[in-house]
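Heads up, the chain below is alone and in the form predicted alone; it's given as structure tokens.
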């Protein structure tokens, strides 16, 4: 299906998210939409799929005008969108989620749906257990489930918003293979990203957005420097590796055992010094998230101990971890980090943790303005956090951290962020290290692990490697360890 967008305009208050955007996307192509966080790319594709309505402009499908007022309208026109955080139903089993959105009988045939799910997943070498609960799946598996669900209900234009954030290298390979396969069958693929390497590897043509405007379009072979200049109106230098002076041990993990419904980690040992950054690598669901959450006091270990600055906090309440100077930033910012519907000012009030019966709203707004300025957040004190881009949401989370932290734990700290935002986030974290905090983070981005870690720990099927010095480490070595080499 050919897609044409003409003169699309969309504003949110004073912010012009889409400023007279016109694009033509041919059928059977993988078309990239590239831009920094907040450039307007997701807004445009939400308009195309019916999640938002344009203020003005027109949409043509195969040359015919189409009016899409809702996601249901989008599906009826053959347009489906895979959001950065999949819109699924965590309490359901995968097969029940797979059947959502279908017309038909009041009591659907689950056995038939299981067979259909299995066949579609097999066609693309996806691994989705029909009887697994959605909340037990990794981000990559949830993406796979959503893709086959959209295909089953007849989608012919598939939009993917930042689909490679938070998924493993193996899942990314399967995703790209599936997208090439679908494109070869005539499906139109719209690939929204800020990652230049993904565009170079997958897309035949790309449109670049900046501050709500279409800056230009280009076809492969791509010039990476030119794309960066189009995105940011300037180029960036990668920061040099630097180490803060190390202090006493801030985190000690001894013979730790922790488990959930899918996996168990046992015998984990790790020491983290003040000023040190340790990265955790591994396929999604290999155990690194379990370790982080146990160190944050969010789940209780079944054995071993967790000590923060010499204080044994094993199986102690989460509140005691907070009091000990531990902070945890989840990958799911809106689901687990921020509160949907609350403004930046209201988050400042929550972060203050006061027990007073009255709230000084004038003082809270001043505090919000200061944090917006200090952390270069593109927002106003009255902005609801869900209206911000991913990079600005992450900056809000960082701005809410206490000053005297000993230990900062992060899941995918730059997930979904552009180059500028990623560099800024790490500049802030390195300043924390210089002030005496230790940082423990997990990432699926091997380049990020090598760039910012002092040491790297690799997880494989619940097993944990000895820490590796990042200074002499190669990406190939981490990739092999992630695949199980050295764990025999």
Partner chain sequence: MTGFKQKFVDAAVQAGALALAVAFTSALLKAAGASPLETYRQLISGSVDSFAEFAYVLRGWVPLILATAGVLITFTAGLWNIGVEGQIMLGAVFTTWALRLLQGADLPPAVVLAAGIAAGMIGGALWAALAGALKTYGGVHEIFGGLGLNFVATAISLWLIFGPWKRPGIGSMSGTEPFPETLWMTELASGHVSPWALGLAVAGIGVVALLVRNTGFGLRLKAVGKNPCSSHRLGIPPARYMMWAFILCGLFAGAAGALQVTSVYHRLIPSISSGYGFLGLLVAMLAAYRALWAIPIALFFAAINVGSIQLPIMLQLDSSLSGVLQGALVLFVLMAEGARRRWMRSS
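Note that the structure is predicted; figures quoted are calculated from it, not measured. Numbering follows the first chain given and starts at 1.
The form predicted in complex with the partner chain is left out here; the points below concern that form.
Undergrad: In the predicted complex, does residue 198 come within 4.5 Å of the partner chain, counting heavy atoms only?
TA: Residue 198 lies outside the contact set for the partner chain.
Undergrad: Although the partner isn't part of this model, could you tell me whether residue 340 comes within 4.5 Å of the partner chain in the predicted complex, counting any heavy atom of the residue?
TA: Heavy-atom contact with the partner chain at 4.5 Å: present for residue 340.
Undergrad: Counting only non-hydrogen atoms and a 4.5 angstroms cut-off, does residue 353 reach the partner chain in the predicted complex?
TA: Residue-level check for residue 353: yes, a contact with the partner chain.
Undergrad: Considering non-hydrogen atoms and a 4.5 Å limit, does the partner chain approach residue 112 in the predicted complex?
TA: It does not: once the partner chain is placed as it appears in the predicted complex, residue 112 has no heavy atom within 4.5 Å of it.
Undergrad: Using a 4.5 Å heavy atom cut-off, which residue among 246, 307, 359, 226 comes into contact with the partner chain in the predicted complex?
TA: Only one option qualifies, and that one is 359.
Undergrad: Tell me, which of 292, 349, 313, 178 has a heavy atom within 4.5 angstroms of the partner chain in the predicted complex?
TA: The option sitting close enough to the partner is 349.
Undergrad: Taking the partner as it appears in the predicted complex, which of 117-125, 331-339, 141-149, 280-288 has residues with heavy atoms within 4.5 Å of the partner chain?
TA: Answer to the contact question: 331-339.
Undergrad: Even though the chain is shown alone, can you say which residues of 1-33 have a heavy atom within 4.5 Å of the partner chain in the predicted complex?
TA: Going through 1-33 in order - heavy atoms within 4.5 Å of the partner chain in the predicted complex - there are no hits.
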